[in-house]
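First, one chain by itself: the form predicted alone, in structure tokens.
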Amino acid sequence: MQAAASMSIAPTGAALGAEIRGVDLARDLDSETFGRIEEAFDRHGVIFFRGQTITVEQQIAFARRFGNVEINVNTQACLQGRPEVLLVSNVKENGRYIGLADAGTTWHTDMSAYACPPRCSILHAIEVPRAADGTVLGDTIFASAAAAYDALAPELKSRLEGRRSTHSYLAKMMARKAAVGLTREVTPEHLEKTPPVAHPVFRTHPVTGRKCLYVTEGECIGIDGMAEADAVPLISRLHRHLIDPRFQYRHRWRVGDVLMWDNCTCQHLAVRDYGESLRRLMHRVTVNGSVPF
């Protein structure tokens, strides 16, 4: 049993993010240790553990401490026999990608076009791409939606308080296709499971109570009570404010990293600065959340 005494928390110094040290996720966590981890997660929005050697079953078990596990709509990209695990990878077998190669390649928060978006996503780095000179590629950048809200102009806070924005999975995929291309197929089944849904422009974190800016350019197609010609440019303005570098933390991956992010508190972008010849393989497990308010 892992004891809390061995654990420490090292904030990144950025607007979000902290490293959890002295914890082996292959061991059972006592309630005090897990409580400190969960508290750090709610506070920092992104937490990560370096040098972990865990099985798929251990990753799923850890995720279940935070809530029920979500099965991704892209079932063709899930680990065979373990649909709880989504493969995020550019690796091909028999001429096809074994997972989602385009996952996260534009700014987003996971599955926001669901009526009940996930609480968090947990990524385990199995293979990390490296350039010929040894430089690690494929960073992930996170932006604090909470810090972005705090820094928003009072006039905009007043104007948009209580309003809702419409999130569209189809719009998200088409925007990503136009920006960087898609390696997945958007099927009628996907669209049937993900009809457009309205969420608050300013979402409240269910644990901390912090307000978070909850809109994404390209995915959000309107704001209630506003003409589309006014809403779409405003969504773009809000999103560009959210991803300002002053609100960011950039994670440089190492094999064995286990990193998790809060889908209310932050948005993220997977940097695709590597080619098909450099392998990247991540195991992602997603935990159900609550209806945004």
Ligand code: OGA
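None of the values given here were measured: they were computed from a predicted structure. Throughout, we count residues from 1 along the sequence that is shown.
There is another form of this protein, the form predicted together with this ligand, and it is not shown here; the text below is about that form.
Participant: Identify, from the list Gly218, Pro117, Gly104, Gly222, the residue with a heavy atom within 4.5 Å of this ligand in the model of the complex.
Facilitator: Only one option qualifies, and that one is Gly104.
Participant: So this ligand isn't shown here. In the model of the complex, which residue out of Val88, Val128, Ala146, Val197 has a non-hydrogen atom within 4.5 Å of it?
Facilitator: It is Val88 that has a heavy atom within 4.5 Å of the partner.
Participant: In the model of the complex, which of 75 to 83, 106 to 114, 201 to 209, 186 to 194 comes within 4.5 Å of this ligand (heavy atoms)?
Facilitator: Comparing against this ligand in the model of the complex, the contact stretch is 106 to 114.
Participant: Is Leu25 one of the residues lying within 4.5 Å of this ligand in the model of the complex, judged by heavy atom distances?
Facilitator: Judged by the heavy-atom cut-off of 4.5 Å, Leu25 is well away from this ligand in the model of the complex.
Participant: Using a 4.5 Å heavy atom cut-off, state whether His239 contacts this ligand in the model of the complex.
Facilitator: Residue-level check for His239: no, no contact with this ligand.
Participant: Just to confirm, Leu123 within 4.5 Å of this ligand in the model of the complex by heavy atoms?
Facilitator: Judged by the heavy-atom cut-off of 4.5 Å, Leu123 is in contact with this ligand in the model of the complex.
Participant: Using a 4.5 Å heavy atom cut-off, state whether Ile20 contacts this ligand in the model of the complex.
Facilitator: No.
Participant: Even though this ligand is not shown here, does it sit in the model of the complex so that Phe48, Gln59 and Met260 each have a heavy atom within 4.5 Å?
Facilitator: The answer is no: none of the three residues contacts the partner (heavy atom, 4.5 Å cut-off).
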